[in-house]
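Take a look at this single chain in structure tokens; it is the form predicted alone.
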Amino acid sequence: MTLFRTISGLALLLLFAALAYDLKRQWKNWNAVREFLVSQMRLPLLVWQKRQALLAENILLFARRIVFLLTVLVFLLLAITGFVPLLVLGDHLTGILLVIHVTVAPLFALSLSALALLWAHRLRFLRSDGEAVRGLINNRYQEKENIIRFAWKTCFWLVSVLSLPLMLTVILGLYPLFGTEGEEVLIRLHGYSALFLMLVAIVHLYLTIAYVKQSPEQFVKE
């Protein structure tokens, strides 16, 4: 528990420090960063308020946005209930937080599946993505947009892949197939799967709001 708590705390601290540095670099001062983040927090409300116009304009686009926002909301609930007791209290997940975590988990599985179905085609890897990777490997100059696009897509697919061991460890733990030691291994695997998925999901969400949403035509191609 202590080792996992240390690894999780350091990983999250380093990640948020890197994201804060990038935000400061983009927006020049912390007041602008704060205003930008506040504006992004209002996005779900704005999408809901404009739902009629969005539905009339493009039903599929509206479905993508709603499913994305729902998945983010459920993910945040799972992350808070799963990691706050560990990082703050240094204890296992129990009580009302455990009830919320277990209740929300199936919704996350459903929303993530819907997200994968709705976004898989748009976030497929194209020939330009392969060229960007080969350019990086060969130390050739690459446009920032190409690198961000590849990282954004990679994070999306990594979230989809990492969700499999995350869910599988819980499902296997429900059956009397493992002894006490086996259950402890499954719990550890579930924790590390959750940690890696959370780190990748945070990066994907950050790239979405900090870069892709600002100029989607540069990053999203049908």
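Just count from 1 along the sequence shown to find any residue number. Bear in mind that the values here come from a model prediction, so they are computed numbers and not experimental data.
This protein has a second form, the form predicted in complex with a small molecule, left out of what is shown; the following refers to that one.
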Proximity to the small molecule in the model of the complex (heavy atom, within 4.5 Å), stretch among 25-33, 60-68, 154-162, 183-191: 183-191
Partner-contacting position among L86, I147, V72, A114 - heavy atom within 4.5 Å of the small molecule in the model of the complex: L86
Hey, in the model of the complex, does H92 get a heavy atom within 4.5 angstroms of the small molecule? yes
Does the small molecule come within 4.5 Å of any heavy atom of V102 in the model of the complex? yes
Test of understanding: in the model of the complex, would L207 fall inside 4.5 Å of the small molecule by heavy atoms? no
May I ask you to check whether L78 falls inside a 4.5 Å heavy atom distance of the small molecule in the model of the complex? yes
